[in-house]
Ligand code: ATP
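Take a look at this single chain, the form predicted on its own, given in structure tokens.
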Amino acid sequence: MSIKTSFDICVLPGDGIGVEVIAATVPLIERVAQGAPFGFRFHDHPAGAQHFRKSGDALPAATLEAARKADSILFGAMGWPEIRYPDGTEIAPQLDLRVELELYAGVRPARAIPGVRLPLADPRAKDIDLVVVRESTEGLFASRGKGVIDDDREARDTMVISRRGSERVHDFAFRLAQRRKLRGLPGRVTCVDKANVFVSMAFFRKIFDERARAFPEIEARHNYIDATALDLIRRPWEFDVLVTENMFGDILSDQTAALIGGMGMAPSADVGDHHGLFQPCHGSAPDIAGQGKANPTATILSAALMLDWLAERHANPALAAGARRIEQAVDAVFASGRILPYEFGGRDGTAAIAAAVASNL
């Protein structure tokens, strides 16, 4: 069977700084592809809060179909605080895409990058290298758009934990730990839950223990969500892969991003059995949109995640090598000390950071 070498990428720049960081990242991916045994075709499509304001449609059917047909999706940021649906919730097509494309594994890596100032004073913080795997199609988010308010007295949202959803995200976390173990990392999965209080969480843990038996070479641990939030400050370098419910994962992945310098340094992937979407952890940042201050590092590293995913999906190791080139270029930029983004008190914005990474490829 021939190895796939040409890929169509559905690009969804979205709102605010999403447009800026995508514009900075696509040329870097193209540069990695120069002379390599693979290539990309990028196709921009509309979606997001500003598009909703103009058209009344946050995720057009044509955009969803393009995402469904593409080899991968590269996503900027979507949402704008004052643009909301009638029920008061924000515009978030990224959540719709997770459900429509069954992107059940939210992958949120947090790796300390050489030269980046870290908030923890402990010298072991430089060893932080963990991944939060967030179940992204159910949990408390299953109530999105379905919550109930009774007579302006009481509001209810329901958590949904299914066997199918839990099995597939647990298996994903264990397989990820297997791959990380081959790279010399611990090969350990921690199930993060609140099984001491909620039946749904006890069910989530029960299924975790069942699936753990299929991966005997991977250490399986448990930790309650409150204890995990504490331990991520006390000793984050001891974690490898964490798997958890949707809302818990949403919160923990912001915390882990803070541990490595902030949202501008934190990449992410939303992955299913057939589709993958890659985006920075941060939002549209209206306060700095259009000013050229946005840090594109999270988006650049998300592009590396995309190449890794395509490499595994299509058995093309050259793509994985391209991903390593991107990561090594980012590490070199920050290790040099010559680049300091605005959020760290520096004056280097989107263009300067992207140019520095390009010069190190």
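Just count from 1 along the sequence shown to find any residue number. Worth saying up front: this structure is predicted, and the values here are computed from it rather than measured.
The form predicted in complex with the ligand exists for this protein as well; it is not shown, and the discussion that follows is about that form.
The closest non-hydrogen atom of Asp209 lies beyond 4.5 Å of the ligand in the predicted bound form. Proximity of Asn295 to the ligand in the predicted bound form falls within the 4.5 Å heavy atom cutoff. Contact check for Ser284: a heavy atom falls within 4.5 Å of the ligand in the predicted bound form. Interface residue remark: Met263 is counted as part of the site for the ligand in the predicted bound form, having a heavy atom within 4.5 Å. The stretch that touches the ligand in the predicted bound form, counting heavy atoms within 4.5 Å, is 287 to 295, out of 157 to 165, 198 to 206, 287 to 295, 108 to 116.
Residues of 323 to 361 that come within 4.5 Å of the ligand in the predicted bound form, judged by any heavy atom, reduce to Glu343 alone.
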